[in-house]
Ligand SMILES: Cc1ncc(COP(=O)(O)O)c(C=O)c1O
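Listed next as C-alpha cells is one chain, alone, in the form predicted alone.
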Amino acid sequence: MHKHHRALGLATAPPVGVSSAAEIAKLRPVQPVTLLRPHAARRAARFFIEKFPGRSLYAVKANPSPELLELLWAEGVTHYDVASLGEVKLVAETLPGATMCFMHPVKAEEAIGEAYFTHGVRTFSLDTLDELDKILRATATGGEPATDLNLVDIVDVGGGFPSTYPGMEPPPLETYFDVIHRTFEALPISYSAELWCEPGRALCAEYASVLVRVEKRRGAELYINDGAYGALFDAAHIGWRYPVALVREEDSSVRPMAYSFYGPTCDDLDHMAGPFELPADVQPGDYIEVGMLGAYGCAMRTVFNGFTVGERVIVEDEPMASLYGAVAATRRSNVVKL
C-alpha cells in the first residue's frame, strides 16, 4: 500500500474500492489521475450489440487499452477495426479469438503479409485497384494468390457516431440506427450484403475522465497540470469542449463563468480555449474533473517535456454525460462536493 501511495503522489494512501472522483480529490493527488469507468464501457458495448441492425467493429485507434478491449469482448464485441500492424499485434495478443479487419486503405505490403500469415487477418479494405494488387501479392503462397480470397458484399457505414459534449448534444443513437437500417434495406443488395459499422468514440468516450489540479489562476485563465500534450489534445488542437466540474468540499455560491485552460508545459500550443464553465471562485489547489476523455484522450497522450499522467483508478460513479442511460443529477452540475 505504501508503494502505491507514493506512485500516486497522494497526501494519504488511497482507499480500497474507490467509488468516485470526489474520493480521489480528497487524497490531494499531485499528478493528473485518470478515472476509469468500466461499467460505462460495458453499457455502451451492450447498446451497440443489441440495437445496431448489423455488426459493430470497435475502432481500436480510439482507445487501444488492453483492459478496454477485454471489456468490449466480454460484452459481445467480436470484430475489431485495426489500422496498423501494431494494432493487429495488440488485438491478437489481447483477444486471440477476435476477428480483425485491416481497414486502413493504404498499407505496407509487408504489414499485409504479416497480418495475413502470422495473425490470421482475412479482411482488408482498399480504395484502388493498385491496393488490391498489393493485397494479392502480399497474401500469395508460392506465387499464387490466396485460395480463400472472397469478395463479399459489405455495406460499412464507418464510424463517426457521436458522444455528448457541451454544445454538441446529439439526438438519440437509435435515431441514427433507424436511418441506417431503412436506407440499407432500400439498397438492391441488402438481401445478400452484411451491414457493418465502426464505432470508436461512441464505445469508449464515457470510459474515462481525468482529474486535474489548478496550479495558477490569471483572470479567466486556469493553469492546470494536464493539457495539449496529454489527455486534452483535442481540446487544444480542434477546440473540443469537454464537460468539466469543480471537485471540492465547500459549496460555491458564485455564478459560473467561462474559463480557458493552459497546460503544464508553458508551450504556446498548450492552450485550450474552451470556454469551460466553472464557478467564478476557482483557485489554485482546486481540482477539476474533465469528462468524456475515454476516446482519443488516453490514446493521444505524450510525455513531452517530461509531463505525464499519474495513476489510473477505477471509479464507480457515473460519467459526466451519457447517451446510454440516466446520469445522476450531481454529475450534471459544475460543482461536485467531496
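Since this is a predicted model, take the numbers as computed values, not measurements. Quick note: we count residues from 1 along the sequence shown, nothing fancier.
Below: the form predicted together with this ligand, not depicted.
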Of these, G86, P170, G120, G160, which has a heavy atom no more than 4.5 Å from this ligand in the predicted complex?
-> G160
Considering this ligand in the predicted complex, which of A40, V33, L68, A59 comes within 4.5 Å of it through any heavy atom?
-> A59
Give a yes/no on whether Y296 approaches this ligand to within 4.5 Å in the predicted complex, heavy atoms considered.
-> yes
Exercise: A245 in contact with this ligand in the predicted complex, heavy atom 4.5 Å = no
Heavy atom of V91 within 4.5 Å of this ligand in the predicted complex = no
In the predicted complex, does I224 have a heavy atom within 4.5 Å of this ligand?
-> no
Of the candidate stretches 68 to 76, 214 to 222, 191 to 199, 106 to 114, the one with residues having heavy atoms within 4.5 Å of this ligand in the predicted complex is 191 to 199
